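Read the single chain below, which is given as structure tokens and is the form predicted on its own.
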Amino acid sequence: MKDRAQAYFWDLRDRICAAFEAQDTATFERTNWSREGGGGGEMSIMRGSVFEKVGVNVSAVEGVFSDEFRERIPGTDESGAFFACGVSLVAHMKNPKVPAVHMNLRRIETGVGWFGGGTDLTPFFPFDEDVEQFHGCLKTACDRHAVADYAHYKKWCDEYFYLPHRQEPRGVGGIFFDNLDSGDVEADFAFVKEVGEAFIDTYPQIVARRKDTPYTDEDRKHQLVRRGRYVEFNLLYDRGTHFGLKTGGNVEAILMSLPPEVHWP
């Protein structure tokens, strides 16, 4: 399964990059990296006129968990051996009327194996049509698979992507799930792939709809201030950021989620 999951994540990365390049005049720059201890990945970064900064990264790493992670990760035995692969992206848009977005899918294997991931939308000027399309596509994806529960995953997302110190959500949510191990690995994998396809079917449509929407200097200032919330969440609370930094991941790949320009009032 880890080979099949990795192959799907790499293929999804390629198709997402192609879909994003079709909306812009720029192209992705790809950089390979290797991890001391086993494995590595590839960063794909594009800076353009539509996508101010977007990173679509893939990785497959293996090694041994520290004592800190052995206490928190299911299935770790005395050896602490693990394998993890996944695809992760964050898009920060030039036009403030186009929402930022995050998506991540992953496979982790220790003494047991499971999937995790999700996607969430962060508009700075929400349009009901975009929010309804995004959530509607994710609900349809969940409803097609008995192993998934849209209401639960939506609530999980709302609770996870929340800034306690500001008492506000990061955006309008989406779905989030972890430790997906229903006992039917094929069913779990089918659902994970459905989430990937739902994302690539939906977000590029939202970009195309909004990328030429007029905006003012005040709209741009509002966007840059709200981006600060994104930075605060990813540095203070995001488990993927902490996991990557504490397991010897590539720092630039991990922090590619941060926006290229941000203001605090």
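Throughout, we count residues from 1 along the sequence that is shown. Because the structure is predicted, anything quoted here is derived from the model rather than measured.
Not pictured, yet referred to below: the form predicted together with a further copy of the same chain.
Taking the partner from elsewhere, His263 is found to have a heavy atom lying within 4.5 Å of a further copy of the same chain in the predicted bound form. Contact annotation for Leu255: at least one heavy atom lies within 4.5 Å of a further copy of the same chain in the predicted bound form.
Contact check for Arg226: every heavy atom lies farther than 4.5 Å from a further copy of the same chain in the predicted bound form. Within this chain, Arg15 is remote from the site of a further copy of the same chain in the predicted bound form, having no heavy atom within 4.5 Å. The listed set Lys211, His222, Arg47, Arg35 contains one residue whose heavy atoms approach a further copy of the same chain in the predicted bound form to within 4.5 Å, identified as Arg47.
Between the options Leu235, Ala26, Val64, Ile200, the residue in contact with a further copy of the same chain in the predicted bound form by a heavy atom within 4.5 angstroms is Leu235. Contact with a further copy of the same chain in the predicted bound form, defined as a heavy atom within 4.5 Å, is made by all three of Arg166, Val251 and Pro259.
Only one of 47-55, 192-200, 211-219, 26-34 lies within 4.5 Å of a further copy of the same chain in the predicted bound form by heavy atoms, and it is 47-55.
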